[in-house]
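Next up: just one chain, as structure tokens, the form predicted alone.
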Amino acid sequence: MSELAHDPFHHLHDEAYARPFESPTLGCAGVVAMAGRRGESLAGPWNFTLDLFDEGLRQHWYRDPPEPPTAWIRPRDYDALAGQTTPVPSCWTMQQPQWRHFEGAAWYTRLIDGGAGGADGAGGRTVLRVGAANYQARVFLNGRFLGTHRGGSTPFFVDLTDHLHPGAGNRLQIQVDNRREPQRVPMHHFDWFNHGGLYREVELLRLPAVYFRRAELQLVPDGSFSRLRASLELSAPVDGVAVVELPALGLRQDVQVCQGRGTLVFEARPELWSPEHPCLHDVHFTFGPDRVSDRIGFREIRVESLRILLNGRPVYLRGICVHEDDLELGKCSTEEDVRRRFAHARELGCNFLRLAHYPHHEHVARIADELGFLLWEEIPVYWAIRFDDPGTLADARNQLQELIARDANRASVILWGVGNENADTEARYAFMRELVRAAREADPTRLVSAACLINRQAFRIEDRLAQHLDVIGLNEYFGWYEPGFEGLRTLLANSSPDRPVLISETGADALAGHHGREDELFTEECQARMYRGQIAIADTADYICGMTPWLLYDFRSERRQTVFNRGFNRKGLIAEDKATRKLAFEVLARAYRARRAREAGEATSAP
């Protein structure tokens, strides 16, 4: 081995080159409670190198000291602090035309400040937070490999403290790999664009020696609306007393912490949160020098027979599906874009959005809390995941746990989605049951769903997973992929589920501005006809608790290459410019206005 280590050509023949970089893994165990924390932004230009052949791992680029070429004692294939730059956050797929379809590894490098001794205060910690990197990210600091994270849409954290030097010359490198692979979540076959890069915020957190990993406060779902549960987790297994404060209610509660964890249920009657009245409360959590603050809405969501109850009252989910895609920014998501999204949903008459098919930016749920929208959030267990692979299950479970940890305090989130359009096999059944179990263990206050297919033999809503779900998601495209609506009538008549069913997808492609007959595919008239037929039939089934048609905006999908699609899924009610509306927009808006008026009348006439 010692001879191989000094062989300058060894890397040319080493096909196990990636194995040393598969662990340690960075995941949900390392989360940091972010409520109210202000990190040091690392936004801006980073040195950037595409690495088509994985030479960075093969040749250990991270070990090369950052010297000018005049100081090199042997030739290199990489210069960490020279050459081109790219902005962070961004998708590299949107930065240069020649990078648009690049799938592989890329190296990001920049210098960071280690402070006086690695962190603020005696024993303090400096932690790197990456909002999202698609798909696998490996983190290196000053020539040391610190860990790898899998999952393209959830945040992860890396404690840098023990590897920082005082001052500004610390070299941070992040290798990001977006290639599609069968064991990933999602796997190599999916229906959206495969962007790559550090596409959400990256920042440094200066933390005390012991800090909050999780700081949650939720209404106890017992129907009394009079008790709150505080759940706390610290970064070290210490004992002590944490404090939870709700100034508006004049409440200050001590929470006993044992081995780094604490739970307390206490009496309180907060004003409840709902879409009609999105009331938020300032909440503060303190343990020693660490203090985090959040704005939290308190509400109860549960299922009773065929109905979803919000704060004890039936709610019909007037929804729409949304992808995270932008003509200029790719998968990056600005607050301006999110508020435009909600404004269009408001004009449709929505009270609910399905965030497909992966965790969207965390400010979506924060803004939904503020504006009064309900959300379905999900992980990309999409189509034919490798359900028999333990590593794939571990990846999916970690993405789910990271998502729940991130948004546990968001009142708007009522549904965790664990899968989409998966065939009902034995391996899938076991895989999904474990995800449902993990969701309930991490968060017993919300509902769990999955977007299911139908039983084609019996032609009814039937999936073995349904018995483990609170709400059955139903993806169906009668009137589009299956011409005519008779199949939908038959399906609904054949079915007798014992829990609510949400039509989680239905729709039809239409090229904005393309007009013609109602039976002519890809016309706006055809799409509008499909919506009218779907809405009329869905209203006849008492177990349908809502719908989220597919979808708000057209988005990129390289699978779709007809003369009408040209690399886009055209099922949006609004074109990819996020401005041009199709005829079906008003069809759905009228239907939602009518339902809302009907519900208001029923509420007024109720005894």
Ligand code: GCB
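Residue positions are given as counts along the sequence shown, with the first one as 1. These numbers come from a predicted model, not from an experiment.
Although not depicted, the form predicted together with this ligand is the subject of the following passage.
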For this session: Mark Y78 yes when one of its heavy atoms lies within 4.5 Å of a heavy atom of this ligand in the model of the complex, and no otherwise.
Result: no
For this session: Verify the contact flag for W273: yes if a non-hydrogen atom of it lies within 4.5 Å of a non-hydrogen atom of this ligand in the model of the complex, no if not.
Result: no
Problem set entry | Contact label in the model of the complex: N569 to this ligand, heavy atom within 4.5 Å | yes
Exercise. Does R560 reach this ligand in the model of the complex if we count a contact as any heavy atom within 4.5 Å?
Worked result: yes
Exercise. Can you pick the one in H357, R446, R299, R138 that has a heavy atom within 4.5 Å of this ligand in the model of the complex?
Worked result: H357
Problem set entry | Position in contact with this ligand when the complex is considered in the model of the complex, options Q534, N420, T93, Q399, heavy atoms within 4.5 Å | N420
Problem set entry | Non-hydrogen atom within 4.5 Å of this ligand in the model of the complex for each of D191, N475 and F555 | yes
For this session: Specify the contacting stretch among 520 to 528, 475 to 483, 310 to 318, 403 to 411, defined as having any heavy atom within 4.5 Å of this ligand in the model of the complex.
Result: 475 to 483
Problem set entry | in the model of the complex, residues of 47 to 69 near this ligand [heavy atom within 4.5 Å] | none
